[in-house]
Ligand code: NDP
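Quick setup: one chain, the form predicted alone, written in structure tokens, and binding and motion questions come after.
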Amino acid sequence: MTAIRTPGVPVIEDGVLLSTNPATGEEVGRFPVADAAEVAATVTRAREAAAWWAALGFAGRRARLLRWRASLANRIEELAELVHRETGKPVAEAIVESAGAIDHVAWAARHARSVLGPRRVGSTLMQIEYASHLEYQPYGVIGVIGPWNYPVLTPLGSIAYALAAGNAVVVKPSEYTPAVAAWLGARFAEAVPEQPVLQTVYGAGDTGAALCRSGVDKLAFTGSTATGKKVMAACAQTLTPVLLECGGKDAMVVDADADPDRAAAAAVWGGLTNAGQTCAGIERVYVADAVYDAFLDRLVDRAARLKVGVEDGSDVGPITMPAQLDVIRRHIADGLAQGGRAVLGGADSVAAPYAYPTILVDVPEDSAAVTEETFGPTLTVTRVRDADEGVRLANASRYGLGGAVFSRRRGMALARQMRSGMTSVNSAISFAGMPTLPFGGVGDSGFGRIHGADGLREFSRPKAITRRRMRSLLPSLTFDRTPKQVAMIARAVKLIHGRPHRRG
């Protein structure tokens, strides 16, 4: 008989991690907890596998990654059902998440050679005797610490690109979603049975800390800013480079010429998808006065129609991490206490394990509901004079992950002004599923990039090589140069660089 436990709270008993459904408490799976010695042993195995994986070359890795991709695609319903059981998110949301992740695996596999392959680069007149070559070499072993809110899309955004670049990977999933990680790893082992190129270690914070200190060659982390700082400090002890994606407080700016219904539809999706548990989700909306009333009416109408629950057909599932309910409750209370009004939901919107959609207006900009990451299905909506004021307020945050702007005429211009790593124009979060674009933030949202060509380079070391191809006409890199040759070098510098730039 399946054990029923406290919904959503992972438990470690006798060295075993128990994962449960956040809505029902049903046990989803049991996984052995790895201590520091076991983590180190896993990294040692990965290092041996990395040499084999790198030696396959781009073509060999591509074939195997595409085999893995096909397995994920053909079993996407099975994967989505597991995500639903372990996180509570609706199956439809899990399908969308998994589809984006599969697209990333395919893109990374198919484009690794063109992005990272050896190439000849230009030389300069000052050192014309040398040919210049550039290539990107794998680090070796990449550690990945993944989150629970998107247990497929987010980890694979690092894993797929690290693998395509020629690295082995050791992933430590969130203790809230170990079953999803185990399933993904099993499918990879079926596609690549020869060596343990992708391995998983399970546990809580201690296991993650052990991975930071295990000797991996680079570590990619997704989670809170506070934990990201701890990860960075731990990795600093061994000068292990890190990639940090630490969440945000993303804003949408709605211009006076925007279509209010389309903007409202995007805000509902961007703010309430996955019950608001989205690092690049919309939490603040700044709306130009000319369309404010029309936008707010449509926003409330659309959000009020969403079905909350774990049953089939639900739009908003439970809060996966129970402790987050206290944060959501506190932010709503603070917004109301400082003069804000709830036009949907309010103080009673949090009823474990659910948080019901809440829309607050007239909330001061220094409220916790505006300044801190809520990670729940809430939106603050603020009337502004125009889109320029909206961008200014959107940028007044220590975070800078993503964002969105709605405008018929000025969309691109406003997007460029937004202080964020990514911005959607007339949509929300559309950049996350685009394999051709880098994903990452600035400020307290972290640094480094996954996805796209930059994501492939993030998991590679650039290797520069110069090769002599002729005798030096101006021998500078030798003690054998004569005073006459030094004078010739000085004249050459003046001839090449001494004149101001001329048009054409």
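A residue's number is simply how far along the shown sequence it sits, counting from 1. Being a predicted model, the structure only gives us computed values, none of them experimental.
Keep in mind that the form predicted in complex with the ligand is missing from the display, and what follows is about it.
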query = So in the predicted bound form, are 81, 307 and 314 all sitting within 4.5 Å of the ligand, heavy atoms only?
reply = no
Residue among 146, 270, 166, 335 with a heavy atom within 4.5 Å of the ligand in the predicted bound form = 146
query = Looking at 371, 123, 395, 227, which has any heavy atom no more than 4.5 Å from the ligand in the predicted bound form?
reply = 227
request  = Tell me, yes or no, whether residue 188 is in contact with the ligand in the predicted bound form, where a contact means a heavy atom of each within 4.5 Å.
outcome  = no
Residue 420, heavy atom within 4.5 angstroms of the ligand in the predicted bound form = no
message = Taking any heavy atom pair closer than or equal to 4.5 Å as contact, tell me whether residue 223 reaches the ligand in the predicted bound form.
response = yes
ask   = Is there a heavy atom of residue 175 lying 4.5 Å or less from a heavy atom of the ligand in the predicted bound form?
value = yes
query = Of the listed stretches (199 to 207, 377 to 385, 296 to 304, 337 to 345), which one has a non-hydrogen atom within 4.5 Å of the ligand in the predicted bound form?
reply = 199 to 207
request  = Scan 316 to 340 and note down the residues that get a heavy atom within 4.5 Å of the ligand in the predicted bound form; none is a fine answer too.
outcome  = 321, 324
